[in-house]
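As a starting point, one isolated chain is supplied in structure tokens, in the form predicted on its own.
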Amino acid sequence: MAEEGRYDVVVIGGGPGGYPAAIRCAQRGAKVALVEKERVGGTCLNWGCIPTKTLLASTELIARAREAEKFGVKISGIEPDWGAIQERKAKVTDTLVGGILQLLKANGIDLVEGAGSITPEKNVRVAGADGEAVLETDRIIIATGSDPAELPTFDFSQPSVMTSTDALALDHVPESLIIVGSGVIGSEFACIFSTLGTRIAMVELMDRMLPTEDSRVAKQMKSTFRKAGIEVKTETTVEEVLEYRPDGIKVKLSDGGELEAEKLLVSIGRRFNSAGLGLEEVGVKADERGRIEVNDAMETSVEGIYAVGDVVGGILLAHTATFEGLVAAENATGGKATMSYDVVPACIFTTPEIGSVGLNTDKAADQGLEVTVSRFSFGALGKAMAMGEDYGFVQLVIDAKTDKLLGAQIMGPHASDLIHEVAVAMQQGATAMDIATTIHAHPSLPEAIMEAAEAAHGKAIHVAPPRKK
């Protein structure tokens, strides 16, 4: 049974929003308990960001090895070992979980195992394997995250139907796979399993894949997937399941067609984990989908109760959750902090990678902004050509009146790293000319950002001028 006691702050949920919040509260002198029903690190570390990136690291290495001869290197006998790949994934995850546990201990935080809920007295009840305990507290931070959303069309008790969590635990590489949803998670899994030899068909309700991304990025990624043999059906849904089998599934599509595969992965977003927390009893407001309402201090409708991460909706990214957790921690311990979402980089670890921040061309148009859109292709960049990764581009969205950077989209090698140059520039209110006049090392990938900034002012050296009529 969990040990009862009194705390300055109790954090419910040990994911990327919860455990940083707990540590920051402890750093500010608070006595803290962290309640977690499964594993610290949450979805990101255990069933999301880190496991998928570890698998991608293996499949990217396989893909590069297959292209070795283009670089003058002969490699034979390339053979993926799924069991060893899974073992490495587990080792990476376990190592990081162990690191968090050490940090909690070093900061004097009590880790309480079990499911937390809020009592009418605004304390936290923990239901653990050995019984219940009540943790008395002055402040509560809710960081319970989200789970993969499910569709009523599918019976998830069938072995052929998977969520992203199930896909990470597969004991073999499926011969064929239907992916419902072509967003971030679905697209990353498509890259993983396609490289391992799985035949993949993606079904997307919207008129393009990666529907939240810039239209140019989405269009080029669909072309890339097609070249890799991945079928992407847009403006299409699964109308019904025609057959469940122990070794497969057969579905009917809205366009009249049929698809059959060994496995089907549902990847249509997340559902918010706010049920069972006792929110109604204490008056914490949440919408019909379960998203908890908060202000820019991350405080709910009830004083002294905060919420962060996926459970508040908004930008469902681990690093957003972390910053929300730090803001909540400051405020829960007497500080005064506010959360801003103006500059939040987002990354998609497909092949090639995608990095974005701020406004894209579609969002700028929706807001009626007058913008300059400037691009530079990796195909014209020396370092990208030397690496053999000269596909993709840098796109800057610039305020036409002030020259300030409003956003950027990068599709190409190390896009997840490169996007942060633009993020820092935006955070400091920099202009395109500020980047253009900053010396960038040669040969390097960041030169593409400099070239795009120069092109916005018609000064790019490596871009041919328009032909004279």
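When you see a residue number, it is the position in the sequence shown, counting from 1. Given the structure is predicted, the values throughout are model-derived calculations rather than measurements.
As for the form predicted together with a small molecule, it is not shown, yet the points below apply to it.
Residue-level contacts in the predicted complex: of Val373, Ala133, Ala364, Leu317, one residue has a heavy atom within 4.5 Å of the small molecule, and it is Leu317.
Interface residue among Ser146, Asn331, Gln220, Thr351, judged by heavy atoms within 4.5 Å of the small molecule in the predicted complex: Ser146. For the chain shown alone, Arg39 is a contact residue for the small molecule in the predicted complex, at least one non-hydrogen atom being within 4.5 angstroms. Within this chain, Arg208 is remote from the site of the small molecule in the predicted complex, having no heavy atom within 4.5 Å.
At the 4.5 Å threshold, heavy atoms of Ala436 stay clear of the small molecule in the predicted complex, well away from it. Taking the partner from the other structure, the small molecule in the predicted complex has a heavy atom within 4.5 Å of a heavy atom of Gly48. Remark: all three candidate residues (Gly14, Cys44 and Gly114) come within 4.5 Å of the small molecule in the predicted complex, counting heavy atoms only. Of the candidate stretches 364 to 372, 317 to 325, 81 to 89, 195 to 203, only 317 to 325 contains residues with a heavy atom within 4.5 Å of the small molecule in the predicted complex.
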